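Below sits a lone chain in structure tokens, taken as the form predicted on its own.
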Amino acid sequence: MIKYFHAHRVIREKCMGHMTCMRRCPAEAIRVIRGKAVIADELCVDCGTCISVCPSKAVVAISDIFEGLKKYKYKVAIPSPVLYSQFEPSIHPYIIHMALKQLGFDKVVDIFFASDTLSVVIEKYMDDFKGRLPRISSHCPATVRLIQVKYPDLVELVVTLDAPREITAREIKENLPIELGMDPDDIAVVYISPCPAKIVSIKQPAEKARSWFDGTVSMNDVYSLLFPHVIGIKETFDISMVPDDFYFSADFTTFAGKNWSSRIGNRLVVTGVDHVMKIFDDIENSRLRNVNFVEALTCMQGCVGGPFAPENPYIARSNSYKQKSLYENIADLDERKIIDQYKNGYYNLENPVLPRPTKYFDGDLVTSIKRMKEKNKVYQKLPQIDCGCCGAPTCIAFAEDFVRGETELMNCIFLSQKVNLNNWADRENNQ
């Protein structure tokens, strides 16, 4: 079984066994065992819901810390566009670039150019594509993992194009060492992430051997360090400090993935993991008609709703709209060059997205069928009310755990009471 990396963990000392995370986890990856939440690695899709809903704040992020980046001679920050929306619109985006350099980064590169480029590519991709519809964007890694775990029949619908952040990092890793005359191993490309899923997509990509990034840090960690620098720089900032080639576009954070799907007809944008799953249910059951392209983001309101983004997502979106009106500066694209690169596979994923084997039914067919029959048999004995008292989110999940030998039937309080009552009746009859 593959060992999966995750960008969050449970602090057992803080976990109070509230079961909120267990009930809200869309992948049913959490069990509460002896009063503590336990995450099943192979089922977790890194959507970050458990981080957001835990009343004890016992689920925390795991990300690279700045200390680990000191070994590199040159450090490049690639912030998620969400970072800008965390600040009020009076803060010019270039101030944030300056503040990141004060934190120790030598260069700051945005993904706006790559996302605009992908808007051209995805349009061409959809024009050329003749297979099963709708296609599902590969931009949100939590969505991709949700498909791998919960909707394996839909993996063939995932668009086989890489994400803007990876394209940006690759171009830096290929070109900057030549430009600076440095050893590539001395240059670190670091992503500032609003969610655990993007951290995991860098630490353990679903569709390639390794990411082009050398590290990643959570936006929360960066924001707390960045804020005083931003305020300090703002006091003396003058618009003349902004380079002529500074490129800014806030569209990426206003709802979905930039305008890379805006020129596609019959597209659908959905946010929030519950809503995403409803759409995927509809696709599985052939109820979603007349839609060619689905942009599905598991965080409510899109990436601004990421668990590592400190600002209220509604305020962040409002900030983005205002920043767009104040600072937008769109670069000209060489569409002919982009199309040529696309035809040469420059933007393609290295490998296709495949279903993720899970510990429940990843054996041979005979074993899987045997387990499914046993699971259904156990399920019929259960009250089927999904009370969660056993520590599993549903009775079906409890039955699966039992088949795996990870729980006992007596952990169901209703079965336990029934057995105790029968034992009591037997004793009464024997007296």
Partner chain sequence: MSQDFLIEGNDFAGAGMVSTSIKSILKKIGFDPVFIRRIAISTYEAEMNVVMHARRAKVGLMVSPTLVEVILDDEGKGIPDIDKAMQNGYTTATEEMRALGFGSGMGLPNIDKNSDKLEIKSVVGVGTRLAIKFYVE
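If you're wondering where the values come from, they're calculated on a predicted model, not measured in any experiment. Residue numbers count along the first chain shown, from 1.
Here the subject shifts to the form predicted together with its partner chain, a form of this protein not shown in this document.
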Report the residue, out of Lys343, Arg336, Lys71, Arg132, that has at least one non-hydrogen atom within 4.5 angstroms of its partner chain in the model of the complex. Arg132
From the list Val53, Met372, Cys389, Ile62, which entry has a heavy atom within 4.5 Å of its partner chain in the model of the complex? Met372
Among 193-201, 292-300, 81-89, 145-153, which stretch has residues whose heavy atoms lie within 4.5 Å of its partner chain in the model of the complex? 145-153
How about Asp46 - does it come within 4.5 Å of its partner chain in the model of the complex, if we only consider non-hydrogen atoms? no
Using a 4.5 Å heavy atom cut-off, state whether Ser286 contacts its partner chain in the model of the complex. yes
I'd like to check something about Val366: if you look in the model of the complex, is any of its heavy atoms closer than or equal to 4.5 Å to a heavy atom of its partner chain? yes
Contact label in the model of the complex: Asp281 to its partner chain, heavy atom within 4.5 Å: yes
